[in-house]
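One chain comes next, on its own, written out as structure tokens in the form predicted alone.
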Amino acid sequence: MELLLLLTPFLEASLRTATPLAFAALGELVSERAGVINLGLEGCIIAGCFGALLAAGIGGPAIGFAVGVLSGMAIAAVFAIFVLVLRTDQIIAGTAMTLLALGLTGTLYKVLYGASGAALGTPTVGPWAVPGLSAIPVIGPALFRQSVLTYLLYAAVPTLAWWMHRTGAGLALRAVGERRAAAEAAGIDVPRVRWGAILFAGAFGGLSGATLVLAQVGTFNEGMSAGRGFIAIAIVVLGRWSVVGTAMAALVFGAAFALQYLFQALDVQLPYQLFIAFPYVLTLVLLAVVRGRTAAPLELGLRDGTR
């Protein structure tokens, strides 16, 4: 009976924590389907966190989300310059962008807010219960008593799946990621497609960070992205580079993060560090299990589309 009473809060927490992961993973999915693996995604998320905090304190949550998205895109744009213009290695460039963003946001945070940190009164958006639907037993509150960002995610998943498989632009994106030479022969502007894909990934990474700050924790801490960018990249692999699969994998990891709250409610007598580490251990285990069973885009990670 106790477990049943905790089921709804657990599902609600799972979906809430999965939302920023899903945004980041869906953005990375688009980038990887264009043949670009963006290890700078972690940098886009932390930039979105800091940009959202800074702007929300000035103009409110709406401005905060907008600036969070732009901050993620700014990091992605620098990454794109190195990868598409200067033609550096994607892995090296992405790692450098993450280190840059982590260092830059940490430094600016200390300069602007001092040792005491940001005020705890940062404007945030709370959950909004959908009338009628939120009253459905067990699943109603979990699905329909969330922030507006989760509802946006509900719309983003089918829209992105439709776009990727039912539009010419989506077909061009997938063609670039599978056979760059064939795509160029068909008249597709490969650099343009990849620029768009990288900036989209940056925008969704920034939105992920803004969601984390403005719809969940309500403040900023140095390094608060806490590896979510790398988990999002793993989610894309586990989702087998499909939109729906990626969304479902994000939900699994959201549940893994929410387990720590469930175990605390059950008063499980284990070190809390085990609960915190669980999502990261799960990442390694699942990647080991699916190794060799996935079909990545053929051009993924290749410099200049060459083998």
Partner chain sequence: MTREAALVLSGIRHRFGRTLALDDASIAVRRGTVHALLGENGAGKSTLMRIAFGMLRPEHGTIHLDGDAVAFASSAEAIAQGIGMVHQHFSLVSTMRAVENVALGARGRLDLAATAARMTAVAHATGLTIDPAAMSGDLSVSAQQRLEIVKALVRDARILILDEPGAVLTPDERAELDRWLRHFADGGGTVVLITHKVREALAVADDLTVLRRGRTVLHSARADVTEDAVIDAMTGESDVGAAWRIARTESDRPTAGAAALRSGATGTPVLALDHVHVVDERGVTRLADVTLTIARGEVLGVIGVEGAGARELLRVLAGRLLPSQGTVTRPAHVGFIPEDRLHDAVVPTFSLTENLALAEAGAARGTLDWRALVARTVDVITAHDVRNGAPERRIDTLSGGNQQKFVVGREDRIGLDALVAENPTRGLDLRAAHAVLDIVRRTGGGDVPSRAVVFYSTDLDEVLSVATRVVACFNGTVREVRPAEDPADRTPYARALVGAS
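Residue numbers count along the first chain shown, from 1. Computed from a predicted structure; not experimentally measured.
Not pictured, yet referred to below: the form predicted together with the partner chain.
The putative spot formed by 162, 167 and 171 is fully lined by the partner chain in the predicted complex; each residue has a non-hydrogen atom within 4.5 angstroms of it. Contact annotation: residue 131 falls outside 4.5 Å of the partner chain in the predicted complex, judged by heavy atom distances. Looking at residue 139, you'd find every heavy atom of it more than 4.5 angstroms from the partner chain in the predicted complex.
Although the partner is absent here, residue 112 lies well away from the partner chain in the predicted complex, with no heavy atom inside 4.5 Å. For the chain shown alone, residue 149 is not a contact residue for the partner chain in the predicted complex, no non-hydrogen atom being within 4.5 angstroms. Of the residues 199, 157, 175, 143, just one reaches the partner chain in the predicted complex with a heavy atom at 4.5 Å or closer; this is 175. Among 183, 73, 80, 193, the residue placing a heavy atom within 4.5 Å of the partner chain in the predicted complex is 183. Of the stretches 201-209, 149-157, 185-193, 131-139, only 185-193 has residues with a heavy atom within 4.5 Å of the partner chain in the predicted complex.
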